[in-house]
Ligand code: TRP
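Just the one chain here, laid out as structure tokens, in the form predicted alone.
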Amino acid sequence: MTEKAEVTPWEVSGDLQETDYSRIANQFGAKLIDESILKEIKEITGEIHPFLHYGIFFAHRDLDIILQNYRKGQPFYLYTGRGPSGNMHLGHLLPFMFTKWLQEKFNVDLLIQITDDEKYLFRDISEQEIGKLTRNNILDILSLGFKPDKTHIIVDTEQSGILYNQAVRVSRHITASTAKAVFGFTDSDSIGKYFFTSMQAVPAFLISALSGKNVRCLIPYAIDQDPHFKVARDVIPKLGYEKPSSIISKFIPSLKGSGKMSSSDMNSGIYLNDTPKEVRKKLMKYAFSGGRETAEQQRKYGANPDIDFAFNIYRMLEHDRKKIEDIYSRYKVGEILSGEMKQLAADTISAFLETLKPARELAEKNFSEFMFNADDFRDRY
């Protein structure tokens, strides 16, 4: 019997299937992205991002309102984040690729919150190690080529002054019983854990608070973070601001096929600092395959690309849709073997990782230009 998948902001257990994602979205009160939403996005941007086409970003809250208001000339901004608990892997970076696409297509500001305080509260990790990881993670994110004039990094402990003042306003409306019910806290958990969700809510209305205008916010995030923003949507209107909208993703699957890529298991994912040799070795040894047990069987019966890790990572990184469709068809009928699919994925991943290096070096030189400055938003909207 398959273990029922469970999702919290700190842990994912079980093998997540398509039905689990629909169930969890329904359980959390989110809506599935339908054809009308996709049509609206295409009319505005001129295309559908592959992560939407393949259903990786699959659910939303009030995305339709963001799109309708945008057509009327009403601005919005993006907010997403990263908790620096370890080195970054593809599962961490790919959602930032989609966020960058949204930023460019809609020409909007992006706030990226680095929740170093969360990792100190929830993980057994030193302040010194968190500080080192924070800078490295920021550079990894910026290696995608974000523009400094539209991208604003907020490190919680460094921007604690402005964040805390707003988080206090949020915390006044969140009871301990709510935190226990939503996040599973107990009396033995630190009070810092109870307070943290108030900090995470702040960027969802911060530009409105600074500009004095009600500016809507769209938050791309993985489904495990939804409880935080469900609470935020309940509280933020009480402060006089619009509820934040969201666009929600599935997890990038683990190399091994179940769960998600994990920072605690180096063999569950492809890390950004993996060498081409390491990438190939991981794929060949650990990647979950949709192929058959023998080459003869695969040539006769074909593979199942839909559950194949190598194919699914390949299609996320390959921009040529016709090439993807060709590989899919040939792999499915057995013209391509599992080892060949893994090698193709390894080459594609290594080439992608190589493209990140120049932008990362440039971001390191211009690091301060990306850091959040409250004064930039006083008269921006």
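Just so it is clear, the model here is predicted, and its values are computed rather than measured. We number the residues from 1 along the sequence you see.
From this point on, the text means the form predicted in complex with tryptophan, which you will not see here.
This chain appears without its partner; in the model of the complex, the one residue of 113, 197, 143, 246 with a heavy atom within 4.5 Å of tryptophan is 113.
Distance criterion of 4.5 Å from any heavy atom to tryptophan in the model of the complex singles out 80 from the list 80, 151, 254, 298. Not displayed here, tryptophan is approached by residue 229 to within 4.5 Å at the level of heavy atoms in the model of the complex. Within this chain, residue 220 lines the site of tryptophan in the model of the complex, having a heavy atom no more than 4.5 Å away. Though the partner is left out of this view, residue 268 does not reach within 4.5 Å of tryptophan in the model of the complex, counting heavy atoms only.
Tryptophan in the model of the complex is approached by residue 225, whose closest heavy atom lies within 4.5 angstroms of it. Note that among 113 to 121, 285 to 293, 230 to 238, 168 to 176, the stretch whose heavy atoms approach tryptophan to within 4.5 Å in the model of the complex is 113 to 121. For the partner-free chain shown, nothing in 125 to 139 comes within 4.5 angstroms of tryptophan in the model of the complex, judged by any non-hydrogen atom.
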